[in-house]
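The form predicted alone is given below as one chain in structure tokens.
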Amino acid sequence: MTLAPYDDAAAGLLSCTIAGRIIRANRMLVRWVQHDTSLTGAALHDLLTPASLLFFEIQLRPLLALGRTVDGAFVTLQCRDGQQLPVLLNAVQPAGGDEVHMAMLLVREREEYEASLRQAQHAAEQALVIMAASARAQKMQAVGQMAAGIAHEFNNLLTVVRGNIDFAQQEVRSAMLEATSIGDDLDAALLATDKATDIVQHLLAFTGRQVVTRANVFLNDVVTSASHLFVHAFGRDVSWQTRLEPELWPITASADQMQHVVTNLVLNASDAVRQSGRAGIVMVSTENVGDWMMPSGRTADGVRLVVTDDGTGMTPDVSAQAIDPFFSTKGIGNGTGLGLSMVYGAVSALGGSLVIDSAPGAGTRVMVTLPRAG
């Protein structure tokens, strides 16, 4: 009878794994979505509309993985008879845990909800006026840093596009018409353009025209597909090497998500080499890991991605802050400190771990370990 308060709660209550498998749901939530008995064992994507699932995957899951609490997020449930039910969602993922706990409240009157939104918007505008007049408007500065981070992402990609097109034009002008060389330059330009397009597609996904799905992904394929782009982006001072396990196990993830993880780690490593003022190497390796201790405390088979550089390295204090949002050692205009924070959020959301091993003058090794696909 210990579950009676849980089942009789006026809110809809739900617990699920970080992979989205529902562990238990109370009677109120079951009644809302018109299921006959229980939601236990169902998938989260069966409960949320496609647009709400995308919102949860892209915006809410990384926040939960970073230990943040979600309060009052607006999502829509998909009822069994096809109707949609708007709710306000509170969610939390206990530190080190592999479960997400949610509580939902019905938005009973659309007019009432819209009125509350207008009131909240008015309050927010008033708060912004006060913040703008205050010398301590730190949150506004953080918003500016985030906007700069997005611009930085696009700038990196478009720099590669422009550089490779310039290479191709120079070869044409000098009459060195080697089709293979020109084709390689243009291929790299197109690949970088595709990466910029992917970012736009994430925004379009909120219209419901795209659905974030996870599937079996081989990290070797992710690394290989990005290698040509990195070679052109590094320049003369940074060499690129790979050591990939030929029989690597698959993981369950989004290929685009893992591409973002690999790209951030490799570009951070190349920046560290350049900061050292000497030529250096970025090494990317993959391996299978048996009996890996997951963040939840359980053991499982895992797949490890390791990015190593022989750059400047970090002190223990810097390493401890490396995954904090907006923490950066690159100076104004050269980095916003969002890269490793986003990587950590994505890895944690997949049930994985991120470990940084670094020392001043000795380079840095970043190890990402993810569960093997079941």
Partner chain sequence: MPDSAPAAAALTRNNVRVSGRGTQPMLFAHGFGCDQAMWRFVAPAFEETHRVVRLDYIGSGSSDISAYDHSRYGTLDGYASDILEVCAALDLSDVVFVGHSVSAMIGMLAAIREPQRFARLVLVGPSPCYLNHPPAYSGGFNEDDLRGLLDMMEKNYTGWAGALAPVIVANADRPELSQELEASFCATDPVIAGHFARAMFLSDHRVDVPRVTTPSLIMQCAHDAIAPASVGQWLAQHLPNSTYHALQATGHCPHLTHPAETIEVLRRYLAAPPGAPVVATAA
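Numbering follows the first chain given and starts at 1. Small disclaimer: the values here were computed from a predicted structure and weren't measured. Rigid core: the largest C-alpha set superposing within 1.5 Å between the two forms.
Just so it is clear, the following notes concern the form predicted in complex with the partner chain, a form of the same protein that is not shown.
*Exactly one of V217, V262, L88, L248 has a non-hydrogen atom within 4.5 Å of the partner chain in the model of the complex; which residue is it?*
Looking at the other structure, the residue within range turns out to be L88.
*Go through V306, I323, L66, A42 and name the one with a heavy atom inside 4.5 Å of the partner chain in the model of the complex.*
If I apply the 4.5 Å criterion carefully, the residue I get is L66.
*asked:* Taking any heavy atom pair closer than or equal to 4.5 Å as contact, tell me whether T76 reaches the partner chain in the model of the complex.
replied: Yes, T76 lies within 4.5 Å of the partner chain in the model of the complex.
*According to a 4.5 angstroms non-hydrogen atom cut-off, is G96 in contact with the partner chain in the model of the complex?*
G96 lies outside the contact set for the partner chain.
_Interface membership of R80, the partner chain in the model of the complex, 4.5 Å heavy atom rule_ = Looking in the model of the complex, residue contacts with the partner chain do not include R80, since no heavy atom lies within 4.5 Å.
*Would R118 show up as a contact with the partner chain in the model of the complex if we use heavy atoms at 4.5 Å?*
Yes, R118 sits close enough to the partner chain in the model of the complex that at least one of its heavy atoms falls within 4.5 Å.
*What stretch, of 343-351, 44-52, 314-322, 22-30, brings heavy atoms to within 4.5 Å of the partner chain in the model of the complex?*
Only one stretch passes the 4.5 Å heavy-atom test: 44-52.
*asked:* Would V87 count as moving between the shown form and the other one, using a Cα shift of 2 angstroms or more after superposing the core as the test?
replied: Yes; V87 is a residue whose C-alpha shifts (by 2 Å or more) between the shown form and the other one when the cores are overlaid.
*Is there a C-alpha shift of 2 Å or more at G97 between the shown form and the other one once the rigid core is superposed?*
The answer is yes, as the C-alpha of G97 shifts between the shown form and the other one by 2 Å or more after core alignment.
_Superposing on the rigid core, is the Cα displacement of S52 between the shown form and the other one 2 Å or more?_
S52 C-alpha, core-superposed: shift of 2 Å or more.
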